[in-house]
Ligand SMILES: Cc1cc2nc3c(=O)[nH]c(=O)nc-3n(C[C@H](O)[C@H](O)[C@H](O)COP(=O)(O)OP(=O)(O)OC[C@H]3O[C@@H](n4cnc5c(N)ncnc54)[C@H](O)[C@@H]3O)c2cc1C
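Take a look at this single chain in structure tokens; it is the form predicted on its own.
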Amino acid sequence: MVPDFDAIVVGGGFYGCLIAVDLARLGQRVLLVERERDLLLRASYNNQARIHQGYHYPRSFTTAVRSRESFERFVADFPGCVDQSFDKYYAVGRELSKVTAGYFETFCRRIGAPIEPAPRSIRALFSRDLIEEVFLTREYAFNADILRESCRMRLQTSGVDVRLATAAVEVEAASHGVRVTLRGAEGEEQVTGENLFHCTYSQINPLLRDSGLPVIPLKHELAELALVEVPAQLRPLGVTMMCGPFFSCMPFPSRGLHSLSHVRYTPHAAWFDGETVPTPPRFATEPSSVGLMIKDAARYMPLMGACRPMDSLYEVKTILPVSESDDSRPILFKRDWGLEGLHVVMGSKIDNIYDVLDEVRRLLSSRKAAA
């Protein structure tokens, strides 16, 4: 019996959308399902909107190199959503930092990321006692609203069947691939696909668990991304302190504000799969830590004390436990996880999508060769 689709993609974040588009361009009949009312509403939106170029990962050379190699490609592919209107600076702390200024500069040159000493006027914005050095780098931000529209247009153009407000609740083996039960406003239905790509980030294990399949060891954090209005002198700047219990503040284009995150205060709770999970209402009732973020950031950069809190975005951040030691962000790609044809994908950074697309194409090629 011929399956309803060649490929079913569960999860309408950026990774799910681009995987669906790429599969359709390869001639596949593709269904994309997303449980939210629209695309890119969860982790793809509720993040710092940073287009990485590797600077963020001085303790994980592989992650840094992959980010560096993807940077230019992402900027070229999605020019309409890229905000290049600010200068990006990385500062290295004298104390508590896990890298020195000398190491950070050498690391950036090794991966080919542009770096030079910051002008004296910028260096003067930082505490001389607490900051070892400040560097001018080249890093951008993306507008998630514009990126969503770009994904929507690509999905339409490529002929992907998109179903919003539709959840995948169970997956099982079928005669030719997998069968997934979908639940939407009109009730439940079952569809079949030769391959299913499960791209729901923090919701990977609930579907696996409900389907009686092995779960994947993952760590989750309830994270707060604060949105602030910065003083005029900081508006054309983005700042990240490396590499320890510090802060990052940079433009958040879709809201016309700056995002503020802090290694110590952004996580409100953390748990591993199998442990007690914070309930969804905590997204709305969790007290904000933005005051603590601003207070600590102002120790290193006094002007940060003048930031005005405007809003906070809460999201579940999911990482592989192995990443805790070196801050790496490997992409999870599990072929035939528990069922032949069920493939689990968990991205780390939006601009590293190309590694996943390459892996999906390798999978299809191997399937074709084996047929």
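Residue numbers run from 1 along the displayed sequence. All of these numbers come straight from a predicted model, not from anything done at the bench.
The protein also exists as the form predicted together with the ligand; that form is not presented, and the subsequent description refers to it.
Exercise for review: Go through 333-341, 37-45, 303-311, 23-31 and give me the stretch that gets within 4.5 Å of the ligand in the model of the complex, heavy atoms only.
Suggested key: Looking at the other structure, the answer is 37-45.
Check your understanding: Considering the ligand in the model of the complex, which of 240, 195, 97, 166 comes within 4.5 Å of it through any heavy atom?
Key -> The residue in contact is 166.
Exercise for review: Given the ligand in the model of the complex, answer whether the residues 52, 199 and 317 all have a heavy atom inside 4.5 Å of it.
Suggested key: Affirmative, all three are within 4.5 Å.
**Study point:** Non-hydrogen atom contact residue 137 with the ligand in the model of the complex at 4.5 angstroms
**Key:** Residue-level check for residue 137: no, no contact with the ligand.
Review point. Is residue 223 close enough to touch the ligand in the model of the complex, meaning at least one heavy atom pair within 4.5 Å?
Key: The answer is yes: residue 223 has a heavy atom within 4.5 Å of the ligand.
Review point. Quick one: is residue 360 in contact with the ligand in the model of the complex, heavy atoms, 4.5 Å cut-off?
Key: No, residue 360 stays farther than 4.5 Å from the ligand in the model of the complex.
Review point. For residue 356, is any heavy atom within 4.5 Å of the ligand in the model of the complex, or not?
Key: Residue-level check for residue 356: no, no contact with the ligand.
Review point. Judged by heavy atom distances of 4.5 Å or less, which residues of 111-127 approach the ligand in the model of the complex?
Key: None of them.
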